[in-house]
Structure formats: structure tokens, C-alpha cells
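This document starts with one chain, in the form predicted on its own, laid out as C-alpha cells.
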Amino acid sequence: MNTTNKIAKSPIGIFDSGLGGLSICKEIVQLLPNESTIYLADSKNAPYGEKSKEDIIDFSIKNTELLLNLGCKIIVVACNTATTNAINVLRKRFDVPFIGIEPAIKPAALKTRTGKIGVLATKGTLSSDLFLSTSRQIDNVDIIETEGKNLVRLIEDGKLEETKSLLEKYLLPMVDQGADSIVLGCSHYPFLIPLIKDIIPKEVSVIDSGEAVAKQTQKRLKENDLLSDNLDVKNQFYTNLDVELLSNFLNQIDLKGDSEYKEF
């Protein structure tokens, strides 16, 4: 067996500022059933969207180092805020492929009928240079930006129902302004899709990036000859805060694997 094939058996590393990136992890596991994964939930420092750019970069470097020390062959930054603020630094610093996630405003812009789309995201994502650059590439479409303040904290605490009043406050003004798509600009927010669909009209689309990130991961693995044919697949999940909450989320989205608390 050559070195490349040995590396191909290594796991995919995935990190987020908490549990939200499990929505991305699920898409990757479904699309790539022969790949092992290691998921890192930096819940102690969530939400990244309220941190400084310097802190976000520092957390992202530490998460990457831990995943590489665990033998990961590719890193998925399953956090919009970490992607938009830190992924360029990570790519320069580490010699492994990186997959990022950012709000899916381009797909939303292509399908809009009203010429208006809403973006619900964290402050850190909306104020980032990458988001600004991507937004400027969208012509003839109005982007209505709304900060989803406190949503991540409630999701991290497992209090999904308590987000409903906030969602109404954030979503309905965008709909009233004519948005026919709501782009979820945080990997935590897909956990709220059932609540969101109860609030907005049926004709308004909800768009997240999970499937696209999984497909991009598959593409990069293939390009780098890193696709695995593992039959003995292992999915591991680490958190630095509350392993019971992590386990509850895994059960909620039917993701199977080993979960444990790890200080980092």
C-alpha cells in the first residue's frame, strides 16, 4: 500500500464553534459513507460571531492543530464565522486541504424572483471581508442582512423552542421587505429549520450550505487522491464543554459515533 492510500484511510476533520457544525457533519457522513470523521465542538468559546477576528483566528488554529494531531487528512471549517475570518490564515499555515463554509447567497441570488434575498447570520460573518467581497459580486439583487443575535447561545443550550420569538423578530421583517429566500449564514441555524418554516410563508425558500459543503469535500478528496474505501468506519465527536448535550444532538439528528469530553 502506498503512502497516499494510507493517508486516504485517515479521518476527515471537522470543527465548529460548538454543535452547529453537526448539520454539516451529517451531510458529509451521508454523502461519504466510507469516510471516518472526527468532529470538534469548541462549545466553550461559542459563539465565535461575537469574538474579535484575532480570537477567531486563534481558536481556529488550535482546533486545526488538534485535528491534525489526531491524524486528519483534510479539515472542514464547519463554521461561517471561522471560514470568513480565518480560513485564509489556515491555508497559509497548514499543508492540508481546507473546506470552508459561507452563506449561500450566490444560489439564492440565482433563483430569486423578487430580486431580494435575506441573510440571517452572526455579526462576525456579516462584518467579515469575505462576506463583503462575496456580496459585492452579486448584481441586481438586494441582500437584506440580519444578525441572529443570541440564537447560537440558545441552540448550544439545547433551548430550540425558546428561539421562536427571536426568529419571528429576525425573519418577518425580511419577508415584509420582499425577500423570497432566507439564507442561513450559520451552521447552527439548520437545527431551527422546522421552526423557521412555521414562521415564514411557504413560498419563501430556506437555503443552507450543508449539502454543498459535503459535495465540495468529496471533490477535494478526489482531486487529492484521498477518497477512502474504508469498511471499518469510525465517527468520533469531541466537545470541551458538555458531552451529554453533544450526545443529545447526535441522537436528534441520528448521527452515530463515539462522543467524549476533551479539554482543548
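Since the model is a prediction, treat every value here as computed from it, not as a measurement. Residue indices: 1-based, along the sequence shown.
The protein also exists as the form predicted together with D-glutamic acid; that form is not presented, and the subsequent description refers to it.
Of the candidate stretches 159 to 167, 77 to 85, 175 to 183, 129 to 137, only 77 to 85 has residues whose heavy atoms lie within 4.5 Å of D-glutamic acid in the model of the complex. By the 4.5 Å heavy atom rule, the three marked residues S17, P47 and T122 all count as contacting D-glutamic acid in the model of the complex. A108 falls outside the set of residues with a heavy atom inside 4.5 Å of D-glutamic acid in the model of the complex.
When contacts are judged by a 4.5 Å heavy atom cut-off, L192 does not count as touching D-glutamic acid in the model of the complex. The shortest heavy atom separation between I117 and D-glutamic acid in the model of the complex exceeds 4.5 Å.
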